[in-house]
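First comes one chain, alone, set out as structure tokens in the form predicted alone.
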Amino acid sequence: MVQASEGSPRGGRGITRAEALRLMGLSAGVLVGPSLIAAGCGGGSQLVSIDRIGKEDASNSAKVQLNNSYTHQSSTPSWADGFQKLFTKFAKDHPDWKLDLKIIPDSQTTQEQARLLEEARAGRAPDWANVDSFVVAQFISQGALQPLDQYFDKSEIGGLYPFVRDIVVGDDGKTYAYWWATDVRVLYRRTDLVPDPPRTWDELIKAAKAATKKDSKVDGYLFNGGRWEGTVFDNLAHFWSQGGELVDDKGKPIFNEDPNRTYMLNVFNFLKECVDSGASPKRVATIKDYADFEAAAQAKSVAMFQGGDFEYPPLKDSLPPEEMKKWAISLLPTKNPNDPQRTGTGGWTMAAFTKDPKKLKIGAEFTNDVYVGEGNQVTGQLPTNPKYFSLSKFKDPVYDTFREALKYGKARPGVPVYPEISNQLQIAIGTVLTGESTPEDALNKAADASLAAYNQQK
């Protein structure tokens, strides 16, 4: 699986293919597989190399920055092979162009976004780049991105989920990035221990406690509670489902102002009750890797967990069929039975920094040909336009649930102070779960620190 990013927080697993090759002192161009060799051998005739798409001597060129996972260097073999084929086809279809690639290691994608914004301010950004959906709004507000509407069909943009359009469309009504892959948070449950999906928090706690009575070897409910972005992002769904807002229109933190304060305290108290009641083990305060949930499922030691859609494929691959049949997926429960079942959504976009019309056009064609739909088919990451759920990758009935969850998707606010809000809420949740602080005190401290950071940024 891929390393963590702000757009899709998830625990990393291992180094990238390119990094492994460098450690062995070998040329990635030699060992990336037969598909690269088949693309052409040596010099200017090679269609795809370690850092280039298209022939070296092509008459036109553009600079493109991509995350390692979304290239032929991906550490997931099927992704690497899939993008290799797409890159090769693109090169054949556009013989007059070469794309010079800057590939960012998966472990550095988050830090790279701040660097990319600085490069844009200084006029040194690449022509096109992967931009985290989480920070697109900041890039738009800085005037760093170019509008793309003329390069994509109106129905394509209009068909995007509302939470996607909210992020990529600026106040001027123009589209500044194409968000092509996303994810959702959902509830996984073992149906032999929890037959019915809990609709409310109280039902979840009751079901978790009942499951531990049925099988004393299992934890009732696991969730991210350690100090990392996943803890905040996952549990913001519970805040949003009540109608909570983290910031106002100016980007000022308002989560400690009523009614948001009440909503956030409800979340803190819910998570605290999960632990205090025994529905969740105390160790949730240390969980900061989705892989912990998968390991628990494999060990038959958990009844329910709050995770991401991206955990379904590895679970299906790792669990015996008879065990996998026990697992079901449903939307996240809410405080009240009629509250909307919100879910956090992250993911990556392709965005343009160049003003050159030719480079804008070729980058849009690259995005369309390689990532929109095709990239979803390669990675299995959820599409941002419902029509792409017709792809063969998403025929499994479970994707109907993920598609339904996307209707309730909400992205994090793309404001400069969000990272500090997240940092402070991580601390607050941790101290509440361990009993070091009351929910009220923890919330006050998080809000004060977030406001101080906001005032410094103004």
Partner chain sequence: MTPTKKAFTFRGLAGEHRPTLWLAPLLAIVTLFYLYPAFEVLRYSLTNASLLRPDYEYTLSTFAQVLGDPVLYKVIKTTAIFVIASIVLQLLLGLLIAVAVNRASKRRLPGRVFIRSLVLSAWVMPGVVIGIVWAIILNDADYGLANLLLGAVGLGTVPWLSTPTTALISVIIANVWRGTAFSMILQYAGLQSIPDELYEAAEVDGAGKLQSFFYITIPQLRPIMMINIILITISTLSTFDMILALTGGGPGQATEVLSLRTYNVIFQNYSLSEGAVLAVIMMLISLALTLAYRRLLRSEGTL
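Positions refer to the first chain, counted from 1. Remember, it's a predicted structure, so these values are computed and weren't measured experimentally.
Form predicted in complex with its partner chain: not shown, discussed below.
Here is the short version: of 398, 58, 50, 427, the single residue with a heavy atom within 4.5 Å of its partner chain in the model of the complex is 427. Between the options 292, 339, 311, 81, the residue in contact with its partner chain in the model of the complex by a heavy atom within 4.5 angstroms is 292.
None of 284-292, 167-175, 148-156, 90-98 except one has non-hydrogen atoms within 4.5 angstroms of its partner chain in the model of the complex; the exception is 284-292.
Judged against its partner chain in the model of the complex with a 4.5 angstroms heavy atom cut-off, the residues 420, 431 and 457 are in contact without exception. At the 4.5 Å threshold, heavy atoms of residue 214 stay clear of its partner chain in the model of the complex, well away from it.
Of the heavy atoms in residue 111, some are within 4.5 Å of its partner chain in the model of the complex. At a distance threshold of 4.5 angstroms between non-hydrogen atoms, residue 135 is in contact with its partner chain in the model of the complex. Not displayed here, its partner chain is approached by residue 416 to within 4.5 Å at the level of heavy atoms in the model of the complex. Looking at 314-333, no residue comes within 4.5 Å of its partner chain in the model of the complex, counting any heavy atom.
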